[in-house]
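Only one chain is shown below, in structure tokens, and it's the form predicted on its own.
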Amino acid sequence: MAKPKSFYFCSECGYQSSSWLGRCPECGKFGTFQEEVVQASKTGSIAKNKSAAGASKPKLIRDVTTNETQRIPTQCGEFDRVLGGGIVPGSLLLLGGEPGIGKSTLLLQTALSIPERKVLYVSGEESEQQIKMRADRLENNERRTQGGELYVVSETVTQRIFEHVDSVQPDLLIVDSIQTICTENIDSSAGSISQIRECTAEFQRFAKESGVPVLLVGHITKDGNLAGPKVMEHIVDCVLQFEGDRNYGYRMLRSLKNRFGSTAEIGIFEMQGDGLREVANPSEFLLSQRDENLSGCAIAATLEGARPMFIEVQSLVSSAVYGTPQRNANGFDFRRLSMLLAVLEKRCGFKLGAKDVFLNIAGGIRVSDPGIDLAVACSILSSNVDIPISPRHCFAAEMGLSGEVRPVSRVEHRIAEADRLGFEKIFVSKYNARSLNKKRFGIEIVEVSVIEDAFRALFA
């Protein structure tokens, strides 16, 4: 019997060492090395890699022929938008998200919707009966299962998973989740760094050799990063992040890495009792419906990737009761809020240093687009003077430290979306307005150069 081999792996990047190290020489992190018992078999991945290398030979790049790859549509517009038009055959995708956010529901709903395709759903966390119970809860399950074939199996060993693949011959393989899968080539337990790395490499080889796309589900850590070594994210072709606030029921699908499409697209879903519903117009839930005009509310035209969205910025400015002024931002960068408050006090003369300022982005989302700076500043000024801003006005501009209103990217898309939604005025930087053809839009475009211009136009 071979003596078990023990190695140390970095939990951040997966670097392997024969002895414990205090600092990882690959990523520079401290205290990340963990000991794992690894015993590779003779028929492991090394032999497979050698045989695969011998079957191919280098070619001149001018001799390489390319064919237009036919993507597999998922019949889910939001999912296809993020992927770039569908699933590429032979690709390896990784979907991450918090526990209970809806990863398994999204994949099962997608597997039921793909027409005329065989899908093998492998679960290492649930039994076949539990998968069937979830499928029965999805909307119009009978209609979905008419077009395709969905096979389910509960398995955790890669060798037996590939045996099921040989018998079913699926067009798409879904594995839920990679942390529960193990291979017999490694003696360490499932979920360890070496197991995750080896299992991911095995699925990658299978996808590239057979042309069958593989979709893996991954857990995330407390910091919101994908659990496992960073090398796993480099192996896969596409990294998707499924996120959202459970209190609101809305979910966002982002692409952190995509070798076959853009990473600037997002998909928005609404979690309901019978599954996930696509949200074609994100502004329908980000803009609150109110009958009265209230001070401290401003509508911002932001971009999530290449998609324009309108969000409501809410502010509350009041006198500091407890002596020390409080600052709180929900869904917005706290340091940027402090910068905007300093600009308003220095350039506009508003004494906000002795007042409490609370800022909230309605809808439970977090926005990092600097194009909402003008909306944030106007909402703070509206609450300070207690004068409401018309709900038919919106803002799309960035603010500088000297109080100037700076241009933003894709302003035409923001204005066109504001015009489509029925807004009457949009406040933009005059530097953006120079290159605009105002006759194209039915909305009134208000040009501002400094924050004082916006204040006079709103509260004069």
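All of these numbers come straight from a predicted model, not from anything done at the bench. Counting begins at 1, following the sequence as shown.
One more form of this protein, predicted together with a small molecule, exists but is not displayed; see below.
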property	result
The small molecule contact at G273 in the predicted bound form, heavy atom, 4.5 Å	yes
Interface membership of C348, the small molecule in the predicted bound form, 4.5 Å heavy atom rule	no
Any non-hydrogen atom of V231 within 4.5 angstroms of the small molecule in the predicted bound form	no
Contact label in the predicted bound form: E304 to the small molecule, heavy atom within 4.5 Å	no
Location of the small molecule contact in the predicted bound form, chosen stretch of 320 to 328, 334 to 342, 98 to 106, 184 to 192 [non-hydrogen atom, 4.5 Å]	98 to 106
Sole residue of R205, H164, R137, R277 within 4.5 Å of the small molecule in the predicted bound form, by heavy atom	R137
